[in-house]
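Shown here is one chain on its own, the form predicted on its own, set out as structure tokens.
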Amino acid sequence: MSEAPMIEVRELNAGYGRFHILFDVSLEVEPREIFIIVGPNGSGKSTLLKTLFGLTKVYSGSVKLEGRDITRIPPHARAKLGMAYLPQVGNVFAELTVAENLKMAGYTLEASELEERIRDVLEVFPFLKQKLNAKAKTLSGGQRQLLAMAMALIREPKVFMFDEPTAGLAPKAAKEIIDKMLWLRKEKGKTIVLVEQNAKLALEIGDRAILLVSGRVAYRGKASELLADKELGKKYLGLKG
């Protein structure tokens, strides 16, 4: 018996109140794959990610997690089922220390289990050991993204959903974020859904991808084939031919 898709979306129409943003979007994300969502500005990429996590209004269509229909359940229930959503900003508690952020991430865990998981993530993100008593707002943009990733990892989700995590970062910091995603998939068996403005960077590491244009799917298939499609890349992604 074949494994159910980690995420399955069928003919999804969604938006904010009366503002219809996504039109008949369908996609499947397989377990342990890196799935890329790209498109020009205003194409609905972030809205799609928010919809997967239950933060928009769904007019019709469905969202399933491992075969279970989650279309109408709230975000906190999706988190309990194994989804982690990391928005571009506001993904850490700026006024709390790094240590307090890590503890907040695992507030539902028993104290002994939380301590163990914090120890584990500090091995994965060793720079945090020197920053435990620093407030999150003092971290660089890249460090804040890594802290958010560490906080999500404490909860051991099945799928990580990143909304433009490299936006505004220097190339070195962006590479570190991408390297950690690759590690999450390879070493932890996690599924990654990545919305990324830097299409080349994302498509180079992705397994499969969709291209959104004006809230509709304009391409669906292998990430490498979208990267190689000079016409779509030039027209919608700003890629050089």
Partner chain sequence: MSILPSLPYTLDALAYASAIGLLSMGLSLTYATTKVPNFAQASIAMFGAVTLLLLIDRYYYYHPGWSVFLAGVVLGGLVTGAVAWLVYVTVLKPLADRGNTVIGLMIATFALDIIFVNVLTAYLDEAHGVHIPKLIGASITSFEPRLHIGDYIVYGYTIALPITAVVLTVIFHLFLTRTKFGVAMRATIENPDLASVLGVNVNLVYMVSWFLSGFLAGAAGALMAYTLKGVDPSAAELIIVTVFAGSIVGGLESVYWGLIGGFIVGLAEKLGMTLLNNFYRDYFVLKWHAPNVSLLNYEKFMSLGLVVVMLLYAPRGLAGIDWGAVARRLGLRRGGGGR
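It should be emphasised that the depicted structure is a prediction, and the values quoted were computed from it without experimental measurement. Positions refer to the first chain, counted from 1.
The same protein has a further form, the form predicted together with its partner chain, not shown here; the description that follows concerns it.
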Though only this chain appears here, would Phe93 touch its partner chain in the predicted bound form if you measure heavy atom gaps against 4.5 Å? yes
Even though the partner isn't displayed, in the predicted bound form is Met104 close enough to its partner chain, meaning a heavy atom within 4.5 Å? yes
Applying a 4.5 Å heavy atom distance criterion, does Met151 contact its partner chain in the predicted bound form? yes
Answer yes if any heavy atom of Arg119 is within 4.5 Å of a heavy atom of its partner chain in the predicted bound form; otherwise answer no. no
Proximity to its partner chain in the predicted bound form (heavy atom, within 4.5 Å), stretch among 187 to 195, 51 to 59, 209 to 217, 170 to 178: 51 to 59
Within 4.5 Å of its partner chain in the predicted bound form: all of Ile205, Ala223 and Tyr236, by heavy atom? no
Considering only 73 to 87, what residues come within 4.5 Å of its partner chain in the predicted bound form, judged by heavy atoms? Pro75, His76, Ala79, Lys80, Tyr85, Pro87
